[in-house]
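Quick heads-up: it's one chain on its own, the form predicted on its own, in structure tokens.
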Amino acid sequence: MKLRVDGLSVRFHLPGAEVHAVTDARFELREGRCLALVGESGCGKSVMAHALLGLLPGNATVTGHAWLDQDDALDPASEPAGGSLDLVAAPEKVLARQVRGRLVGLIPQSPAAHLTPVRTARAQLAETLRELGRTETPDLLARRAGLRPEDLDRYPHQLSGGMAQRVANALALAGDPPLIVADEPTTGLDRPLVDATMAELRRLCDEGRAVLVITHDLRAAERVADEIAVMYASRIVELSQAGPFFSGPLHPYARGLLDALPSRRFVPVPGRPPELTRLPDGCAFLPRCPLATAACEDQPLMNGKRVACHHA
């Protein structure tokens, strides 16, 4: 399985304004690999995840492509030639019946808020398995996710943050999908639970799944990722292998993110990101960048490189 995102852009149309949420995103993710999409809140990371699954509201326009290459998992009546499905162009019927839960599993942000409050975890797992046509039992999924069977008889408000996270993991894995999208999976968790969640995602990679982790927690990303994609003001500005990134990122914004970590300089990136309704024509990081020159008034593009910066 391989995910190929090519020129993906998302715009939200509001009265009197247009939100540039994702702009010309390009990356690949293969089975057995984890890509961490990192950046400050509001840069478009979660919108990217929802665009891949067709979960955006009606005022969104999505362009570009997100090819899912899976030779033996798609219905030949619905797929293009070559065993590839374009998630952007796929109709809702295909996304609902073939993609969500079966090819792509979503671990949502704040799992407890996404669980039905008046039904037990067991009932929600059983319903998911039934809809996906799976024969496994909720107890088996619970054990795989690190839960005791008796934990499933609790309602969402009775679950701790760690338990809710494990239930979300079990729901995402119910259909045995080859691609997992984890949208801010560590939000609200203490550090031991963050580490446990990242270890579980790493285990899924080692089993052969592809994992896309969306996070602002660089320490968590370092634990699990094979590759890092840095997003700023709707654009991916650096793509790098994890090792070289954490030893020396190329983009000034990426360096600023690492310098803000308590384990490093603990110095925040100065200034604020631009509003996504008023993005400049040139480099969006220009007002905050210590390397800025007149050349930055022209938009730097990746163009086959690993970084979008005139001075990297």
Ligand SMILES: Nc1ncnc2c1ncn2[C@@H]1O[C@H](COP(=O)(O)OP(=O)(O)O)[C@@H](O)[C@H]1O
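Predicted, not measured: the structure shown is a model, and the values here were computed from it. Don't overthink the numbering: it's just position in the shown sequence, from 1.
Keep in mind the form predicted in complex with this ligand is missing from the figure; the text below concerns it.
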Each of P117, L125 and Y155 having a non-hydrogen atom within 4.5 Å of this ligand in the model of the complex: is that the case here? no
Ok, E31, D69, E28, E40: which has a heavy atom sitting within 4.5 Å of this ligand in the model of the complex? E40
Interface stretch in the model of the complex with this ligand - options 52-60, 265-273, 283-291, 247-255, non-hydrogen atom within 4.5 Å: 52-60
Can M302 be called a contact residue for this ligand in the model of the complex at 4.5 Å between heavy atoms? no
Using a 4.5 Å heavy atom cut-off, state whether L35 contacts this ligand in the model of the complex. no
Would you check, heavy atoms only and a 4.5 Å threshold, whether A295 touches this ligand in the model of the complex? no
In the model of the complex, residues of 8-28 near this ligand [heavy atom within 4.5 Å]: F12, L14, V19, A21
